[in-house]
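One chain is shown next in structure tokens, namely the form predicted alone.
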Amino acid sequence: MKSDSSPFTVKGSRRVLTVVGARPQFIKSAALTRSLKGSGWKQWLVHAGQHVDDDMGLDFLSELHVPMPDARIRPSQSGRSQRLSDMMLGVAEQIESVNPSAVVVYGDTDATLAGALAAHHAQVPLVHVEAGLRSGDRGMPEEHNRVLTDQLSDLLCTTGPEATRQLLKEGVSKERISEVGDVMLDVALAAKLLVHGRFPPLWPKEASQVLAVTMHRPATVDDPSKLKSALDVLSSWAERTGGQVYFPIHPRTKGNMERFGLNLPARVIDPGPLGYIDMQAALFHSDRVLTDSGGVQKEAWFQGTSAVILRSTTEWRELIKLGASELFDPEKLKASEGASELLERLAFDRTVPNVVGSGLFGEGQAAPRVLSALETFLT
């Protein structure tokens, strides 16, 4: 494990150490970073190194006005346990050096848990943004990360009433919970102002319809039969509709396609890694979204497009209740009738409720509420 950092020069006690390690967390941190400016708080941003590919980690920071990380940990990638251990040790070293008033972690990645464990062992107050989310799928590493991080956290910032109720059900005292909303919505609403006239690279402007796709979860892409079936569905959708599929392929998915001998179907476009604004533009301009991502399923709704979620459960149950998206169990892709069913689901045209006025996720005010909760908690 290696760690790169710059000297911390901020004096005084109003400092927060933020741990990020994967692309969605950088995006989430952008909202709070903006709110911290002029607040009297200083932030020390630690890149825990969960995504070692800069295309997945750092390429879009400038467009979100997020500063480059103050420290970057370079954990072993030989296995999950070793990587988690290295990230925890690296964050612990940063906490000892910086002596922050609080540690902030986001979401449910291994970097989240590493930051939570390091803060707990150092006896530094821990703030978990996106606390209380549960998919109910204990087979997902993310579900374990959420539960463990919540158990270790001192201040739990939830996205809405459902997450708050879940924490209360688990015995968390209401004094530790602050219902703030979703910082991802803060960033997405700002991005929406930029995407109306912007098209991402290689966007098929002349296509009758466009299906935007992301797939990266092991439950979808590590099984050759399911991955092949999903690619066949994309091909059938394009042939049936006369449209094109826009599919920025995740490194894990691309590696598995090569390993399984699978090729990209005709009329399916891989534009390569996308920046955040370009991804939001793709979601905004597409007619339908197919994804297994926790973040993209929300962002599709934020940008006004319905989604089919390639998962049997979701931590964002509000989307299902609203009718903004629907679940599709990827296990069904092992059978030909499952592929046919997914194709029919993608053909269904769904009207998406407006985000503004929904009363959900803070409607763009989550980050200021996180800062207010932090101020109150540490006073």
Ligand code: UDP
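These numbers come from a predicted model, not from an experiment. Residue positions are given as counts along the sequence shown, with the first one as 1.
FYI, the form predicted together with the ligand isn't displayed, but the following is about it.
Contact segment among 203-211, 291-299, 92-100, 111-119, judged by heavy atoms lying within 4.5 Å of the ligand in the predicted bound form: Contact criterion met by 291-299 only.
Only one of Pro265, Pro125, Gly160, Pro273 comes within 4.5 Å of the ligand in the predicted bound form by heavy atoms, so just point that one out. It is Pro273.
If you check Ser153, Gln280, Ser286, Thr253 against the ligand in the predicted bound form, which one has a heavy atom within 4.5 Å? Result of the distance check: Gln280.
Arg369 versus the ligand, in the predicted bound form: is there a non-hydrogen atom within 4.5 Å? Flag for Arg369 set to no.
Tell me, yes or no, whether Pro248 is in contact with the ligand in the predicted bound form, where a contact means a heavy atom of each within 4.5 Å. Output for Pro248 is yes: heavy atoms within 4.5 Å of the ligand.
Flag Arg134 as yes or no: does it have a non-hydrogen atom within 4.5 angstroms of any non-hydrogen atom of the ligand in the predicted bound form? Although the ligand is absent here, Arg134 would stay clear of it in the predicted bound form, with no heavy atoms inside 4.5 Å.
Using a 4.5 Å heavy atom cut-off, state whether Ala230 contacts the ligand in the predicted bound form. Ala230 lies outside the contact set for the ligand.
Taking heavy atoms and a 4.5 Å limit, what residues of 162-196 are near the ligand in the predicted bound form? Just Met184.
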